[in-house]
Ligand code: AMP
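Encoded as structure tokens, the following chain is the form predicted on its own, with no partner shown.
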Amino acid sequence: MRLRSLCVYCGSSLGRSPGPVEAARELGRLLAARNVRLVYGGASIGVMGAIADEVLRCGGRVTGVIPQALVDKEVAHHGLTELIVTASMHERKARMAELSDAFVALPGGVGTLEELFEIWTWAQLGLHRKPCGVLNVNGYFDGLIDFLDHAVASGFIRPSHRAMLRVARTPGELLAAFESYEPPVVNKWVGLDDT
């Protein structure tokens, strides 16, 4: 698939190690070099601000989508190519989904995980056929990946649905996985067997 826009979910904090910010900047450079628009949560702070700033510094395009409540808290990034202000978090997530060809989570907190799981659930239900993944910087998502594999072994996640979530350790590896992504035939509830 030809990737024209990538939605990135990531922390509004910087974290305690430089790895997430370095990975965000590396991904930002690759997006700008490949003329892939960044779609993200519109903030100027944390890992979010780092990736947006790097894409812009490298001459790329950035669309931020942020609810008015966060604009009021003065965390909006006002130097973007485009800043879309929404009435709610729900509208924000729907708009980001509409604008994006693929979705990736970098290290972040509860909000990042919630956004990732929602968009992956939409893929599992067949509401979109776009790739989803995580950039597993310094093993940040190892525990989550282990849990997801445990959920498969326990019969709560089908192997084909687990395989929809791509995992990569570098931005280049992740973009390559997205470009070669073939969405599976989605069959959420019919039948008990899954290969």
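Numbers follow the displayed sequence, beginning with 1. Here the structure is a predicted model, which means the values were calculated and not measured.
Omitted from view is the form predicted in complex with this ligand, to which the following refers.
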query: Candidate stretches 166 to 174, 153 to 161, 39 to 47, 123 to 131, one within 4.5 Å of this ligand in the predicted bound form by heavy atom; finding: 39 to 47
query: Partner contact for residue 15 in the predicted bound form: this ligand, 4.5 angstroms, heavy atom; finding: no
query: Residue 56, heavy atom within 4.5 angstroms of this ligand in the predicted bound form; finding: no
query: Any non-hydrogen atom of residue 112 within 4.5 angstroms of this ligand in the predicted bound form; finding: yes
query: In the predicted bound form, residue 70 touching this ligand (heavy atom, 4.5 Å); finding: yes
query: Residues within 4.5 Å of this ligand in the predicted bound form, restricted to 1 to 22 and counted by heavy atom; finding: 9, 10, 11, 12, 13
